[in-house]
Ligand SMILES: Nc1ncnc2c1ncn2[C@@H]1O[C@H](COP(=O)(O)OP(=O)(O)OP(=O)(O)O)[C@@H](O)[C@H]1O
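Shown next as structure tokens: one chain only, the form predicted alone.
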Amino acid sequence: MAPILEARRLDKSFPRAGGAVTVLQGCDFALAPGENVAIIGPSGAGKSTFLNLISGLDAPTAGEVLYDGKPLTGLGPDGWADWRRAHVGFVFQFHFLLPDFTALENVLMPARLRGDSGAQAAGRALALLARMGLADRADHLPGELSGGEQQRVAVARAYMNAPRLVLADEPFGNLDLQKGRELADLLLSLGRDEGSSLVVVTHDLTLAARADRILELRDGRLAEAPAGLS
């Protein structure tokens, strides 16, 4: 099966006085349609940087990113933004909900940015909130929700536009163990039902083991995790 997303020989260096710091070097990656991949590694290894590169939030020093076999690396900022809006959902460690908007309005935001604010979009947003166990919290502001509920709203928002690709950066990092595992259940089951692919960065090896594959980023290189970790 052809990959939905590929990275080929990705390098990333950051300039500093007296030289440059190399974070990633020669990273290859292929993600199959519907596949879940966990990326682990020590703090500062470049896991978030890698997500930023494959989503176009940052530019590689060298290498290329392809989607459905077509190069994305040459897209300008507007082209990358259009691609993300059409194909990608994000879940971050911090929920980044808009504090003056209700849970429903936050979930609807990606559709509104795409120009869709009709009844069908509202129906999908309500269905996603119900899937997250928040059917009775749709009209609540983020400040009226618990931390776990806020992160569930963020997951619903990530899937609002039915993305083929979801990128999650430590989505369970601010939750206790039980709430983190509950959120992982929801994230993985929703992804299966939606038919989307997931790349999740996590320090939790128990949660990482639930993915189809575990990759480890260490010393700037991405490789299959040692058998003992999975």
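Because the structure is predicted, anything quoted here is derived from the model rather than measured. One-based numbering along the sequence shown.
The discussion below concerns the form predicted in complex with this ligand, not included here.
Visitor: Work out which of the listed stretches, 28-36, 41-49, 60-68, 174-182, brings a heavy atom within 4.5 angstroms of this ligand in the predicted bound form.
Guide: In the other structure, the partner sits against 41-49.
Visitor: Which listed residue (215, 10, 23, 208) meets the criterion of a heavy atom within 4.5 Å of this ligand in the predicted bound form?
Guide: After the contact test, the surviving option is 23.
Visitor: With this ligand taken in the predicted bound form, which residues across 179-210 come within 4.5 angstroms through any non-hydrogen atom?
Guide: Residue within 4.5 Å: 203, and no other.
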